[in-house]
Ligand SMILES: Cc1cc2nc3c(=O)[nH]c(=O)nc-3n(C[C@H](O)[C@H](O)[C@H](O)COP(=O)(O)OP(=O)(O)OC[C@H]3O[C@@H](n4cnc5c(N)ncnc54)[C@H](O)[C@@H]3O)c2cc1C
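One chain is shown next in structure tokens, namely the form predicted alone.
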Amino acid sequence: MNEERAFFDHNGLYTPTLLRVTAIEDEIPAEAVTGPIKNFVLERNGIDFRPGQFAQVTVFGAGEVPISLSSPPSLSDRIILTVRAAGFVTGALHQIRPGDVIGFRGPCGNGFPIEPCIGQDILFVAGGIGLAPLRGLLWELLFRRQDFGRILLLYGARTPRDLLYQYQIPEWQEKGVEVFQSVDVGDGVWEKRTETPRKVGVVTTLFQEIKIDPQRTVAFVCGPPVMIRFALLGLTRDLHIAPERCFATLERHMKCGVGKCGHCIVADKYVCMDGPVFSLAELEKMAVIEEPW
């Protein structure tokens, strides 16, 4: 690679890095409402990233798709992608096997702020597969548990079968994470169990279950767009957290990842580069908090 090409290919944003898939784990079964979700464990190959960033993942012969990173940077030996089969490329990704090679272009985007949160309480609000990018941040905070105060996770999904990472929750609780869960529709059994506080209803109903200090709480939100909007409104209106202390990721079709194609423009921002993480204060200036993105 000549010097000019090396300059323009900074951080692998233009040419995919080839990564081998070392393991594939079923996360959510095909019969769940959201459809099948799998975890793809990739070799790390020296790639550095921040929680909240994403990669443009290539399935050779099928295409490229943006996927959030659901493991933390401090997990130094691997990268984990949690992927739902929702289209042609993700469907093709679900067909590969351990030992196959995929393309990894990135990491892209800005990621979640971590250093400004030191000494603060952290509140996560996740809906469905929106827990995947938030898991990378939560997991990273647990590597540095002494740097943060309370950590609360409010997590909701369509049904009990659609809840992600249930096997990790006991480990998180052992490290002091306060976990609250909800489902839109219960099964008559899940909601009666006592491992975590549980409710039937949308995830914002869990706001009634917690007491926080809004002056020292930073909130991170991810999920379907309508859930993000109502969660952000509830965080400010009901929990009284300032807009500049609430952060969310925008869901857009990020085709190029480098601000060239224009597919992800919202107001005057390129979500793939200026985001995908924005504070509510930024979203209000962009005038998109009441509109679909």
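Residue positions are given as counts along the sequence shown, with the first one as 1. What you see is a predicted model; the values in this text were computed from it and never measured.
Here the subject shifts to the form predicted together with the ligand, a form of this protein not shown in this document.
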### Query
Which one of these stretches, 113-121, 213-221, 177-185, 83-91, sits within 4.5 Å of the ligand in the predicted complex when only heavy atoms are counted?
83-91
### Query
Every residue in V65, A132 and M254 with a non-hydrogen atom within 4.5 Å of the ligand in the predicted complex?
yes
### Message
Given that the ligand is not shown alongside this chain, does C246 nevertheless sit within 4.5 Å of it in the predicted complex, heavy atom to heavy atom?
### Response
no
### Message
Against the ligand in the predicted complex, would L42 count as a contact residue? Criterion: heavy atoms within 4.5 Å.
### Response
no
### Query
Is L250 close to the ligand in the predicted complex, meaning a heavy atom pair under 4.5 Å apart or at it?
yes
### Message
Test of understanding: in the predicted complex, would F54 fall inside 4.5 Å of the ligand by heavy atoms?
### Response
yes
### Task
Determine the residues of 112-127 with a heavy atom within 4.5 Å of the ligand in the predicted complex and present them in sequence order; the list may be empty.
none
